[in-house]
Ligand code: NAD
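First, one chain by itself in structure tokens, the form predicted alone.
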Amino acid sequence: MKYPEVRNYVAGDFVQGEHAYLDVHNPSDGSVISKVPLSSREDVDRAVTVAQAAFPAWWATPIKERVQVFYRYRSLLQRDIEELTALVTEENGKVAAEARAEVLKSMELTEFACSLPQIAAGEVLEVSRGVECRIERFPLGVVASIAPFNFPNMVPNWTIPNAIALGNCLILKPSEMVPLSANKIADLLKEAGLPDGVFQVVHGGKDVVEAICDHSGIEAITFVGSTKIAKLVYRRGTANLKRVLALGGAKNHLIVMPDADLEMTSSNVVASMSGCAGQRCMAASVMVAVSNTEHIIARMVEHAKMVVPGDNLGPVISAQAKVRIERYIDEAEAAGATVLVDGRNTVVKGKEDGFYVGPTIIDHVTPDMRIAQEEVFGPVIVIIRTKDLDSALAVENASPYGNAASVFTESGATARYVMEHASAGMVGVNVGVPVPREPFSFGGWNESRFGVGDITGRGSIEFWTRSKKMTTKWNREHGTNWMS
């Protein structure tokens, strides 16, 4: 193996335990690069006990001092960007440019956390003569974050900087498929001066997730993954009276109008579908082609043929994922859809054991087909044709998901109509991946999100803190009033 066995990070050190282990694969060539422990409830309990001991001193540290850790952490992300990029590429399969962009986004997320002393400041107002009301924010205590495989560096940094800068102690449970980046993050936070116990990593699978949901010492949980598991985590966590924000899957619709710019639209749609091998919750998976868009579809096919697996397209995460994605394509074709670009049975020379699916465009898909309804999570886009905009919106609105939607058009009126009527939490105009940048928050609607608030930006401040309202009166000369 290229890397030693992964260990949990507890109390400022990587600790050995008695565990069963899973192999960690490089999806590009199928090789085993490490092993990850399947931790137990006892491992979670130990991490919680350590975090509880660290919490009083950490939340008592002024926020301006807490964020100094993240100024240094951001510099370390910059210093080690090549190593961090390589880790993401090896354990997740992203091409280098995509992996590097992920680390750069982590730096942006950390920059936002550094601004929290200004953004999360309390409020104060004289509400009556001699009476002052103020609001101050207090951390929750020990919190947990359960992260997915598709962004090993970025998604943990959706939560780590904000939760910890706001005074909490955080336990991270990364995906067992991509454990290496999480431990590197722990290394960098320690080097940045974060006190031991404030951040910890517990690796594992279902048992660890259930232990986090059940543990009485954990006050709040964030989860990012499939809708099926998001529902389970949300129900189990809230049943144990925890604050839970669980982000689920997506089926993002791009509505393409006949007046859309040919080159920008065709290139953006293909990039949205194929970027990160389609393994991102913001990827385009359904194009709703309104009226006469044949010229745009033809140009999309040309762009898709320029996407080369092993060059500018990475593998999917596992052999099982490859089989599942290709099964969706088989079913759609058998149901009468037309495969315009076929990514099945892709083999990359020199990486014959890699888990590659080529870019795939499927035309004449109907809304009742399974591939049009379910999250495929691969470099696959289906085309549903409609006669007008309202019919296109009806297709989008019928999806149970609500993560993102976009419209491609040159008409401002059309763009505004779609932005108002699309049933999605993040909407774009002529943008294939409408991800909000900081300080704007990330979060979808419907079955793409369970819980209140967003996971990043200003929206995360409410989630990671609770407010205390304080009313004071010192001036006895103002006498009795309605607040006495």
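Note that the structure is predicted; figures quoted are calculated from it, not measured. Numbering starts at 1 and follows the sequence shown.
One more form of this protein, predicted together with the named molecule, exists but is not displayed; see below.
Novice: The named molecule in the predicted complex: within 4.5 Å of a heavy atom of each of 3, 35 and 90?
Specialist: Spot residues vs the named molecule: no contact at all.
Novice: Closest heavy atom of residue 341 to the named molecule in the predicted complex, within 4.5 Å or not?
Specialist: Residue 341: no, not in contact with the named molecule in the predicted complex.
Novice: Although the partner isn't part of this model, could you tell me whether residue 377 comes within 4.5 Å of the named molecule in the predicted complex, counting any heavy atom of the residue?
Specialist: So residue 377 counts as contacting the named molecule.
Novice: Does any part of residue 408 reach within 4.5 Å of the named molecule in the predicted complex? Heavy atoms only, please.
Specialist: No, residue 408 sits far enough from the named molecule in the predicted complex that none of its heavy atoms falls within 4.5 Å.
Novice: Is residue 173 near the named molecule? Define near as a heavy atom within 4.5 Å, in the predicted complex.
Specialist: Residue 173: contacts the named molecule in the predicted complex.
Novice: Would you kindly say which of 309, 225, 139, 354 lies with a heavy atom within 4.5 Å of the named molecule in the predicted complex?
Specialist: Result of the distance check: 225.
Novice: Which one of 206, 387, 129, 79 is close to the named molecule in the predicted complex, taking close to mean a heavy atom within 4.5 Å?
Specialist: By the 4.5 Å heavy-atom cutoff, the listed residue in contact is 206.
Novice: Just one of 150 to 158, 264 to 272, 184 to 192, 112 to 120 has residues with a heavy atom within 4.5 Å of the named molecule in the predicted complex, so point it out.
Specialist: One stretch meets the cut-off, namely 150 to 158.
Novice: Which residues, if any, of 241 to 277 lie within 4.5 Å of the named molecule in the predicted complex when only heavy atoms count?
Specialist: Result: 247, 248, 249, 250.
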